[in-house]
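Alright, two takes on the same chain below, each alone as structure tokens: structure 1 and structure 2.
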Structure 1
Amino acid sequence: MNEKENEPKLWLDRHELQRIFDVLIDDGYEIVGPTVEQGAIIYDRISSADDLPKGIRDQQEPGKYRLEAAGDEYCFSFAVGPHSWKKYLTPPIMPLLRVKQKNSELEIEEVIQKPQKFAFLGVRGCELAAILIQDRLWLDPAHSDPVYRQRRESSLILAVNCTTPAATCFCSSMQTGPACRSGYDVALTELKAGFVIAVGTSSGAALVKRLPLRPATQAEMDEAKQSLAHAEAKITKQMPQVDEHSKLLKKLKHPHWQSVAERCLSCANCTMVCPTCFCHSVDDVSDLNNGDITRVRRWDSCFNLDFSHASGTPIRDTTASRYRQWLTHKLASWIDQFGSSGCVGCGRCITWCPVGIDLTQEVATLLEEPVDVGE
């Protein structure tokens, strides 16, 4: 489990929570964290502990999400919502460069936005795993992405161990949560009276030095451990075992792809909310006023017909073929490509699918024996 589970921890009293914000703002960080907006807990820029979703719980099921007030002091008692950190690390619409015509010369100007220094507060175990997956793509030394690298390297990660998984979560079967495993600067576990804090990096150590902390007592550490064990027990959704996934690629002709396609809208919400989906397109947008061209990168999706457009026609021209592409890439060929599954078990694609398609159930049906397989 958590490699740092038995190391000594620190303690922050609940009424000192604001101090984290003060120190981060003092250090020039833009704090991004959970806050209630539009009926959900989203990630946005926040500046004080009052912005956190205090006493708010979420209820999630396939295609449905509701908030309710519990009226207590807990600020992190919810599961992941519609946004993920990729909103900040790979912004949905990102101008990359501008081409201007100066006399007969073309002038190319980088327009990558000003350097950002983010402190991400409230990152969950599954989300840490998702960021590490995105790192493999965007930080690959062979073709590292300057936007991602700048944002990723200057950001600080304040993770929170998840004690309140939703009914759509299955991080435990993907080995990514509910406890934070690695990839954080500090990790908090929220208890009634305050926070047990683990330090993950030297940046995290520098941060905690400036906070009013004391060593956590054994009782506090035990309570934190118990609440995580309790969370793990609450997770009932399972992804069929990972070693089964190679079998998925032997199910390419399974009739069940068509039965999913009867429900699937090909709307791409699942890929937009997925914290590991990274597909994007790059377009040149021209300005009639001055003739400038701006090159813009935006989130794209394998559910779009145009996405597989090649030689004048889409290669994946049915919803069944697009859903199959998404699921088999995410769970099977991703392993060959990046050395891990592309799914971290966050459950977002289940909750935010307008028709409530649940990939764990689709996988279970696809793997049921015996079926006519066909590669």
Structure 2
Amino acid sequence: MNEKENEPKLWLDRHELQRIFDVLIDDGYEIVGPTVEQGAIIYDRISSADDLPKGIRDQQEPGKYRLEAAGDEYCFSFAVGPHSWKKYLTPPIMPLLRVKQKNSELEIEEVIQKPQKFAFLGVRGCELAAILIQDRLWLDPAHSDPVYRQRRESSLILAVNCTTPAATCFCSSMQTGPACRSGYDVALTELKAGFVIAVGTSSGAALVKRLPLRPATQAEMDEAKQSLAHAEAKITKQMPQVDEHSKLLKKLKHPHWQSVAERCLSCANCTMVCPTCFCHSVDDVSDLNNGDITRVRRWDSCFNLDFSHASGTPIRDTTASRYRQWLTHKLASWIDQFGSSGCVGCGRCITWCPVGIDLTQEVATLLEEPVDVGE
């Protein structure tokens, strides 16, 4: 459901924020939200409003990230950090089955994942779009993933409209933010005295009925709307507004791929922090103590040399070819697969690239060439 500008909103005083936690815990949810750890704002299990990064802001640039004290009471006055919600919907490492040797026979048992009931608190507009993109992959009726389906269907999403975008954000040009457009149960806009709340689903309506809310005043709704307008005005980075799908696939032999490769470390940071990347591998891990074998699904990346290993050799054996694969898949061939771009403009790949490679600048450079240089 989309948030309508003129739709009536509710108001929650700042000192009542803990009540959201109390209700969610009473309902058996594991609350996952932003908190500070090792100098970054990450997503982890939290149980109290005191766990939130109150009075903390982030400063982001290509290849740079740092936190600073803001000296206020705001709990969501930051953009996005290195974590995304896929960490909880598709775990980085997940055992699938175990092979045990009993006497002279092998016994195979499936590893059944414990059902999880998550409440995701602090989901931004770009991240809502990313979750919906992941849905197209993991919930495809032809081959849906049972773990993802269970976690997704039992999750509650409490989104937060982004009012403090980072310098690396470009969500507005991808039409995914900074406002939360769809995919949430409840959406909050943080103001100095409290939160303007919009309800998106029946599950969200059931939650807010148990909170000490009142109708938001027109002044409060206007202030919330104005804060989002100011946030959008701060977003200066833009993805080039062209048909990346057709144009990028005609630049496969462009010399700029090699220029990027001379800077790229092929470290896979961009794919690990990306909220939509889904590449994974399956490994058999042996226990040297008892001989048992566990089959494990783990996150992988198209930047890893072995990821394209086939017929005895890697298909993409250069950094240039792997960077090209990632960028053209994310912005072009992803459209063929899922009907949309695979990028939501969160800017994580720019911030967490050790050498500060900027996706938007690389695309602009590739598209500057007026003549196609080979398909």
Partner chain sequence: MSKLPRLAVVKFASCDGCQLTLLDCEDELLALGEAVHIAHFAEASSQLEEGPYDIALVEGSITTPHDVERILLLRSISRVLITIGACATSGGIQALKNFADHQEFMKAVYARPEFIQTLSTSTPISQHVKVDFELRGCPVDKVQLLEVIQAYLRGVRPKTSSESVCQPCKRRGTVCVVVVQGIPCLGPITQSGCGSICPAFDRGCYGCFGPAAATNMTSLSDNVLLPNMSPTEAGKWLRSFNGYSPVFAEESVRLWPLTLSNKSHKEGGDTK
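The structure displayed is predicted, hence computed values, not measured ones. The term rigid core refers to the most C-alpha atoms you can superpose between the two forms while keeping them within 1.5 Å. Residue 1 is the first residue of structure 1, and the numbers go on in sequence order from there.
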| property | result |
| --- | --- |
| Structure number, where the criterion is the form predicted in complex with the partner chain | 1 |
| C-alpha of A142 off by 2 Å or more between structures 1 and 2 on rigid core | no |
| Core superposition between structures 1 and 2, C-alpha change of P255 at least 2 Å | no |
| C279 C-alpha relocation of at least 2 Å between structures 1 and 2, rigid core basis | no |
| Core-referenced Cα shift (Å), G291, between structures 1 and 2 | 3.5 |
